[in-house]
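The data below hold one chain only, encoded as structure tokens and taken in the form predicted on its own.
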């Protein structure tokens, strides 16, 4: 019992969020140091050049603010939007991008961390080992 309580306190202090299976969705320290999985999501964000439409800070440009959108968008809807696009709204499909589709869970974790306010900077760094 004490062990679970301590784990909960440590993860809360580190800025963790949980996925549906109760594993941390992301872990953040100091607002910008993230776990390797979330770091992979940030790298996917950069490689796919999502900032061209959603802005360098995910706060919107010609595309909507992902900081706001991911407050209400489900993960399933996020994956569908990225995979299939929303051409009527100008969102291209990334379904043929192997890098994006292979890392879609990590991309979601990074963007959800931004939306939750746990990741306070758009540019992140790995948590030092």
Partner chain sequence: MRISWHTRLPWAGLGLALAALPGLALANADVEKLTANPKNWAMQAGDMYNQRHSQLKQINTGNVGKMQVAWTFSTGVLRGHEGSPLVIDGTMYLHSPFPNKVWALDLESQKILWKYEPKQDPAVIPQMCCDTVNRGLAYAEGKVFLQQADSNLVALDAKTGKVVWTVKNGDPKLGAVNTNAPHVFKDKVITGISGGEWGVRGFLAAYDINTGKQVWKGYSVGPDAEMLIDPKTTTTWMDGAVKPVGPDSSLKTWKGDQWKIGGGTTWGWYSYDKALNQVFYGTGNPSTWNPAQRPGDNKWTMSIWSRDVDTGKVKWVYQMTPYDEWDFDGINEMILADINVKGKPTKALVHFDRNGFAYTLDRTNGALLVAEKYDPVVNWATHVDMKTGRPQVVSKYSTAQNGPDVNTKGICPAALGSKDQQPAAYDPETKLFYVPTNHVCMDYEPFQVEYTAGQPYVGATLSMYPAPNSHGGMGNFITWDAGTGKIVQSKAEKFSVWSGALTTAGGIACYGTLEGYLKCVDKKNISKELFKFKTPSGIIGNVFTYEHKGKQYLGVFSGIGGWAGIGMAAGLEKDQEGLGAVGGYRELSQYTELGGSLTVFALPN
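Every value quoted in this text rests on a predicted model; they were computed, and no experiment measured them. Residue numbers count along the first chain shown, from 1.
What comes next is about the form predicted together with its partner chain, which does not appear here.
Think of it this way: in the predicted complex, its partner chain has a heavy atom of just one of 103, 97, 27, 69 within 4.5 Å, and the residue is 97.
Proximity of residue 64 to its partner chain in the predicted complex: non-hydrogen atoms within 4.5 Å are absent; the residue sits far from the partner. Contact annotation: residue 76 falls outside 4.5 Å of its partner chain in the predicted complex, judged by heavy atom distances. By the criterion of a heavy atom within 4.5 Å, residue 112 is excluded from the residues contacting its partner chain in the predicted complex.
Interface residue remark: residue 46 is counted as part of the site for its partner chain in the predicted complex, having a heavy atom within 4.5 Å.
Contacts with its partner chain in the predicted complex, taken as any heavy atom within 4.5 Å, map within 50 to 78 to 51, 52, 53, 55, 56, 57, 59, 60, 61, 62.
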